[in-house]
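Presented as structure tokens, the chain that follows is alone, the form predicted on its own.
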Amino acid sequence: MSIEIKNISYTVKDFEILKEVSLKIKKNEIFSLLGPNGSGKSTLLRIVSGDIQPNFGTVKFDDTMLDKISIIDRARIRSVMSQSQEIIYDFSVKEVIEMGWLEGKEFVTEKFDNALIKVGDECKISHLFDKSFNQLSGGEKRKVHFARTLIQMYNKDFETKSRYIMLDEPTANLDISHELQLIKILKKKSQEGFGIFIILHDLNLAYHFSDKVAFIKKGKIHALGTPNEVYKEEILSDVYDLDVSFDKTIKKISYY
């Protein structure tokens, strides 16, 4: 079971943002997408999640074409955490998380409350539930949106072959402790059977926690494989237009 992305191209006003991109995101794996700003990372995630349509190419979820899956069924299969998620009205943290909850024909309070307790403990934000979302720090807001993304996948009533979590730079505005906490939760989710598709900028973080990595530059996949296969100094230097060194002994990347 996987998301299969084949020959995706996307053009806006004659500018080609993505060029024949092909990837496969599997269950039980963390797939990280890295590359410079403006290389097409967020656009690709929006296409894979179904938010926008490519000009060419296909996206399949478990052998089913994405455009054949209804919006509600997509929501049952995948949850998405985008970069910018502003909340205009003065909702509480609990209410924001509740926005991610999917229910069947009726809302069952007990089932949601149990899921809320679980995700609150998992993300360590239970103490924020009654606070105003708009009064939180940037890092706290990211944690709440992450919890909302997780709770969308908590209802086990929906029959799906597999489930996927997609995140666009979820560690932005997080300190080191909470960054690692988030990644460890995603690692646990992958071990539970989820497929994880994540956009990151931290090369060291991606190296240590990813099962597969793709580097994208100017809309094209530049390298794809396991971290050990693609973390080569010549590849990293070419992708980022920098002199990059990778110490294999301590597994740390440095820039010149």
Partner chain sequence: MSKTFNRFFRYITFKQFTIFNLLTIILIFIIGVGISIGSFEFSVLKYFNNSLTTLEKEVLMNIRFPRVILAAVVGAALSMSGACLQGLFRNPLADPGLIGVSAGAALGAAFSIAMSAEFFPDFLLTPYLLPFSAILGSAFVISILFIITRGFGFEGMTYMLLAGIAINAFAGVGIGILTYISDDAELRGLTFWTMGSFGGVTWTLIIPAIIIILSTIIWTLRISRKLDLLQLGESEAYRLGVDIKKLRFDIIMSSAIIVGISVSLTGMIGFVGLVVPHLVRLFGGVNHHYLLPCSALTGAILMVSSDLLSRILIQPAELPVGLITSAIGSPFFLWLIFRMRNK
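Positions refer to the first chain, counted from 1. Just so we're clear, the structure is a prediction, and the values are computed from it rather than from any experiment.
The discussion below concerns the form predicted in complex with the partner chain, not included here.
125, 115, 186, 75 - the one with a heavy atom within 4.5 Å of the partner chain in the model of the complex: Exactly one residue meets the criterion: 75.
The unique member of 50, 57, 36, 227 whose heavy atoms fall within 4.5 Å of the partner chain in the model of the complex: By the 4.5 Å heavy-atom cutoff, the listed residue in contact is 50.
Contact of residue 101 with the partner chain in the model of the complex (heavy atom, 4.5 Å): Yes - in the model of the complex, heavy atoms of residue 101 and the partner chain come within 4.5 Å of each other.
Contact of residue 82 with the partner chain in the model of the complex (heavy atom, 4.5 Å): Answer yes; at least one heavy atom of residue 82 falls within 4.5 Å of the partner chain in the model of the complex.
Contact test in the model of the complex: residue 109 vs the partner chain, heavy atoms, 4.5 Å: So residue 109 counts as contacting the partner chain.
In the model of the complex, residue 91 touching the partner chain (heavy atom, 4.5 Å): Although the partner chain is absent here, residue 91 would touch it in the model of the complex, with heavy atoms inside 4.5 Å.
Candidate site 8, 16 and 220: all three near the partner chain in the model of the complex by heavy atom within 4.5 Å: Zero of three within 4.5 Å in the model of the complex.
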